[in-house]
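Just one chain follows, in the form predicted on its own, and it is written as structure tokens.
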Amino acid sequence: MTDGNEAPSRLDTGSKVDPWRLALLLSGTGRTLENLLATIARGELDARVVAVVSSVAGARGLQVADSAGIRGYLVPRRAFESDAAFSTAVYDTLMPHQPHLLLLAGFLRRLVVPPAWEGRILNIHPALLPEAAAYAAGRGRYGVHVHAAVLANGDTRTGATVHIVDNDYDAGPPVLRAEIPVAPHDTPATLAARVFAAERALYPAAIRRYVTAHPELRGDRG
């Protein structure tokens, strides 16, 4: 676990193989999707986004996917009686695209992780984990709410964390972090802008690190 200031590079796959197949789960604007697509286009991430799922109808992220020629799907949580049923629907929707890795990108619904997907899902959270977990992570802690909690706690440093997704909110093992100072006159909005700027480099760096360390992700997903 280090900061996210790694030099951009193509993934070292060890041989000529197809790009890593990524699927994104989102609930909002698709800024992270846009960033990853730009990173891929610059040749800094040897990957391809094969599908996008939104939990929210009309989410801009679906428009971003459509503009990029990526298949997008709506899977609304309210259509299912439980988190488990909702999660199964998400996996079933993505399975025809055979993604190697799922990426949460502002996905605001709980995803139940079955054994077949353990270690195959990453999330980016706009705070330093695990230190800030007690007040800036968990259910209902997203976006500006996280940054307001950081300021209320009097933190002098914050940042973002890419972590493995497990069955607890924002509790999986960290993969990579980026830290930034909290300025004396920061507001939740100014802090959010600077943290997202750090996230733009962090998420691609974490993906590169994780897939290089886990070639088994290319295997059978059950």
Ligand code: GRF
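Position 1 is the first residue in the sequence shown; the rest follow in order. Here the structure is a predicted model, which means the values were calculated and not measured.
As for the form predicted in complex with the named molecule, it is not shown, yet the points below apply to it.
Novice: Have a look at 148 to 156, 84 to 92, 117 to 125, 69 to 77 and name the one stretch with heavy atoms inside 4.5 Å of the named molecule in the model of the complex.
Specialist: So the stretch in question is 117 to 125.
Novice: Ala105 versus the named molecule, in the model of the complex: is there a non-hydrogen atom within 4.5 Å?
Specialist: Output for Ala105 is yes: heavy atoms within 4.5 Å of the named molecule.
Novice: Within 4.5 Å, heavy atoms only: does Arg31 come near the named molecule in the model of the complex?
Specialist: Output for Arg31 is yes: heavy atoms within 4.5 Å of the named molecule.
Novice: I'd like to know if Phe196 sits close to the named molecule in the model of the complex, meaning any non-hydrogen atom pair within 4.5 angstroms.
Specialist: Yes, Phe196 is a contact residue.
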